[in-house]
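Only one chain is included here, represented as structure tokens and corresponding to the form predicted alone.
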């Protein structure tokens, strides 16, 4: 750890810049951390802001950020108290996968899925883009926890940005960390530098110069010329990549997962984690009526002293897709979005200070304001395409503790014991609604074989089928083979392994969905009963599926509807021919990866079981067979 003397020397350098108020300087003096001060000095020299403000955990500083975002017109007040709206630019509406790159040292082996560039040249390029990017603007310096305060799970983080919207989002999404930095001066922390860049009408102007670079060697993220939170809020999916690297090195899991409690019979409470690609049912599962939520997006999972897997939420808030949130299908979220609280909408339509979004179940105005500016029905954008009234990837940001279904253990520094992992896909043709793996290693195979229909959460997304192991491929800083081996190794360390399930809410026949949006509650309750020994199951070549009789009772008791044998047979038919095609594709993918023998055994065995079923039953296998 650098000594206080060095911290004082950097304070003198900060005074010389003339950019900090005496109050901000005092905050840094109290921190007494040379590395923090050095990063601020370097950022000022590079970005050349008009003013620098250091923020603490205080309510006063949080209020400063909220007011600054309104004053800068990065957000606008809505009719309901505490609600605001933010608009990203027309071409800044989703994660930019092409320009999100890892900075790797020269000579380092690069996995085929990694979008990487040379570290030295990459830093030179992005620092060139940062040069003067904050002229005339205010630099904000903030400190956070990734995970509950004071927990062995948690990672300290420092953020520098010129966007009050980004700063406001982070105060909602992450736990404050200034006091921790002040008391402990952590030896290691994640560092994030962001600039929205040149602005026109409050929106990033130079989208062609958008860059999001992840420096694994320096535990840092640099992101410039963007505002969309998936690209700009570094602590979220960008910092998540740093956390995965750390987890692989230290043998724990950093996962793209919700953490929730499923409430079973006799007041039983069972914790699950779940990983789904964007817009595939992840948040709506975690928000199901009658259940409680720890987190909806990023989980840190460690082995406890008793050999059980324990999980915490890396965040304290939700940055959720708002499409199809309505009173009928997602009542808890809908209630949260229509009652007073601190909440940011983004890229919805606003008319008379009321937000409108796709699938909200209300009549939509024919004109208003959205991400293009003044909007009217039928207008086309600068790319010649029709402009929807709200973007399919429109979002909301709020704190989980303000939801009526927030779990009581949400801030438990020891985490919650996890009995089940759920991996969900958007698969219209092949996967059954719910299946339990045959073993932990077989579950790793199912999770690493996920194929899902793409959505609007990434630029250019929508309509294709992508391979996405553990719903995490976009965020992996290591090879898929290394990641799979890491999962198997983690399972070996556990005495009480979670049961692994796969779910699919999007199976279709003749273009029609075979399940309603709330049917997922039944699959969830079956999984809860299964891990607690309440239900038997049918063993199939791909794992254990529910018995019809059990599902029939669950549908009647919890959804008040009849579940027919015909529905069951359509949904839980094992589509052997399509599964064989899928696992042949998976086999080809892993032929280019270095993976452990245990995984290869599971893959070979899975194909053999399906080939035997094809000989016996043909292209489709039904439950009675």
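Residue numbers count along the first chain shown, from 1. Everything numeric in this text was worked out from a predicted model, so none of it was measured.
The next section is about a form of this same protein that is not shown, the form predicted together with a small molecule.
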Candidate spot 163, 194 and 210, all three touching the small molecule in the predicted complex (heavy atom, 4.5 Å): no
Using the partner position in the predicted complex, report whether residue 319 sits within 4.5 Å of the small molecule, counting heavy atoms only. yes
Indicate whether the small molecule has at least one heavy atom within 4.5 Å of a heavy atom of residue 88 in the predicted complex. no
Residue 258 near the small molecule in the predicted complex, any heavy atom under 4.5 Å? no
Is the gap between residue 278 and the small molecule in the predicted complex 4.5 Å or less for some heavy atom pair? yes
Pick from 101, 426, 95, 497: which residue has any heavy atom within 4.5 angstroms of the small molecule in the predicted complex? 95
Selected contact from 176, 230, 433, 529, since only one has a non-hydrogen atom within 4.5 angstroms of the small molecule in the predicted complex: 230
Among 231-239, 482-490, 217-225, 126-134, which stretch sits within 4.5 Å of the small molecule in the predicted complex, heavy atoms only? 231-239
